[in-house]
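Taking the form predicted on its own, here's one chain by itself in structure tokens.
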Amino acid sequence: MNVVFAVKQYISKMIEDSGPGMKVLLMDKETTGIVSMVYTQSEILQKEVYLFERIDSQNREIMKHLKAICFLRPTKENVDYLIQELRRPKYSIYFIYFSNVISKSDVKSLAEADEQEVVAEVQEFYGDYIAVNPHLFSLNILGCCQGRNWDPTQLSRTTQGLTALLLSLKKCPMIRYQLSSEAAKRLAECVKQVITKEYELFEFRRTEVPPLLLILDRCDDAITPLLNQWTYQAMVHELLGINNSRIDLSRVPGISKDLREVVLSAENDEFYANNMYLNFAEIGSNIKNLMEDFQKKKPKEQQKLESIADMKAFVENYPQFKKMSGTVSKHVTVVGELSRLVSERNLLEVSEVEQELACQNDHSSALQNVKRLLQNPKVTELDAARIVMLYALHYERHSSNSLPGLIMDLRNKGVSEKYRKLVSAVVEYGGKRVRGSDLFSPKDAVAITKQFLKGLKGVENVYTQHQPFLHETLDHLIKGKLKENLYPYLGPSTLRDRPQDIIVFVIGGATYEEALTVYNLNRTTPGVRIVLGGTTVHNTKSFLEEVLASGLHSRSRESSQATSRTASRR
């Protein structure tokens, strides 16, 4: 179950099926992103695709010597663009691939428009999602719910994305969903409807143990997306933001022109592939080794260009050398910027307090540390707000809850009203009333003992104590212990054996910390394959936008006014 490989295979097949000759790849806004995640431009150029065009761009030239490969989402808008294109074709022949199921009536409309008979083929290739890592996919949807319920447009897009993923991995799963979430049940029903309606597409070779789709809701764990991260990929997303593998470095002080935007892709960057899950301290020493390696290779080749043979050797190695030099400067820049932000924003100290709020249960120590940090001028508005949010979620019903005072401290620190209001919005979004699970207190004797021993032994790393709630959920699922009264099956049948192929989908967005959890479980659990997906992949900023978009903050405004009144009384 490798989502990058699945999408890559579809694109290779499209290009192969069109045969030899020069080609143009015609895409829409979304499929452009889908393709760019799995192929670089230079890789596609080697397959005789010399031009990349958007179907919605008005001023494309007529180029009858090119074959057109069209890879489009089956939207009404795209079908209309294609009809216009086929009435006045710009290319010699068209191979049309839709990224999802296309209706018969749309195919009929296309056939009627194809008066010049330029269409060689129309097919469905189910690459209708963004393949981020081999075991992680996203639909790039921010703000999927209104209140507790789906935005209808986003529900339809998510259903399409999820069913396409199942088709591309050739899985017809049993479905379980989080009972405490109305949105999870609704999505489970929509996916089931598609499987029933398109049953011929889902007729795959039966496996002994059927695959399982587990649908969860972000509301159940609002802690994970609020934490600072310390592994490479997660940290880059948290501090710089990854958008379809691209990182915008234009704000970095003194950045050179060619590094204003860089691509981090494990597919064609060996250093990134080897380091994306390592923690920041290890990355630092690995960068140093990469630099030394580069230095060793560099001077020798430039010193000894005496004979023709030397020059020939240099030129032959030059593309590799150039690639290595690009990799070195890119990672040195990214890691340099990360460490600048860590010291500028005092993130080591901030993260230590975050981890205490997420993992320990000592209220008075937590409160002291939060108050101390809020006095620190280096702590940014975002970090101050996130610490108070974590406090509000953890100690929501604690008898000595001091949230009104902390909100007041935020105000005195000059934190904007937007962030202050978001504190109560986050509690409204993922507080105790909403959660189907208990995020904070260990549930049974075994867990309590574990926590006690962990406390005795001291954690290997104070900054990475936190395990996403997803870890516990998947651990129980793999062992066949996930409670059916909390995560029921859709429909009458249940799984007798332990699941082997698991697809987990998080409504409201997954995180790179959860992707790391899945990566580790895949590595350490023989016979189990897990793929994680979400409506998007969050960092703290995008998660807070998700909370804002849900509109829950407007309901909690009254409560935040009440809080400030009690605060002023104090």
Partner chain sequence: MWEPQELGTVRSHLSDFKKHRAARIDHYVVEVNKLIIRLEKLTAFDRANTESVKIRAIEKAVVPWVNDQDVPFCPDCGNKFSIRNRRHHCRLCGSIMCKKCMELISLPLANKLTSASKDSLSTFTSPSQSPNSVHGSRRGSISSMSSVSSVLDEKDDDRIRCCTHCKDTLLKREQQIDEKEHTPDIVKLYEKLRICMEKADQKAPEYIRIAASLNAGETTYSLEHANDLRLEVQKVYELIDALSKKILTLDLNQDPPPHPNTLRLQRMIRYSATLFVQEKLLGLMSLPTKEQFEELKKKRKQDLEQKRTIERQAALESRRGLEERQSGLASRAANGEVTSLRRGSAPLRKAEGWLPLSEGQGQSEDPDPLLQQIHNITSFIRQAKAAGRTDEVRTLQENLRQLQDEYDQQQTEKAIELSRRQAEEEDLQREQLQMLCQREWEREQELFRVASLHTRTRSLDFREVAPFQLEPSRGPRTHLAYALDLGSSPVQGSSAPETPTPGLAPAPIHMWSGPPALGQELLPQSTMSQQSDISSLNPFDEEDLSSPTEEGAASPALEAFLGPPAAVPREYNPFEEDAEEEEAALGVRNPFTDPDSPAPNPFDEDDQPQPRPLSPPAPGNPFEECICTNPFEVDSDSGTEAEEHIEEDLLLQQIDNIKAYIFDAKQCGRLDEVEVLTENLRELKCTLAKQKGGS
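None of these values were measured; they are calculated from a predicted model. Residue numbers count along the first chain shown, from 1.
Separately, the form predicted together with the partner chain exists; it is not shown, and the next lines address it.
- Looking at the partner chain in the model of the complex, residues E182, S364 and A366 place no heavy atom within 4.5 Å of it.
- Proximity to the partner chain in the model of the complex, defined as a heavy atom within 4.5 Å, holds among V107, L490, L348, V462 only for V107.
- With the partner removed from view, the residue among V119, V379, V434, I195 that has a non-hydrogen atom within 4.5 Å of the partner chain in the model of the complex turns out to be V119.
- In the model of the complex, the partner chain lies farther than 4.5 Å from every heavy atom of F280.
- Interface membership of E417, defined by any non-hydrogen atom within 4.5 Å of the partner chain in the model of the complex, is ruled out.
- None of the heavy atoms of D151 is located within 4.5 Å of the partner chain in the model of the complex.
- The shortest heavy atom separation between P134 and the partner chain in the model of the complex is within 4.5 Å.
- Per the 4.5 Å heavy atom criterion, the partner chain in the model of the complex is contacted by stretch 107 to 115, the sole one of 153 to 161, 326 to 334, 107 to 115, 242 to 250.
- In the model of the complex, M1, N2, F5, A6, Q9, Y10, K13, G21, M22 are the residues of 1 to 40 with at least one heavy atom within 4.5 Å of the partner chain, listed from first to last.
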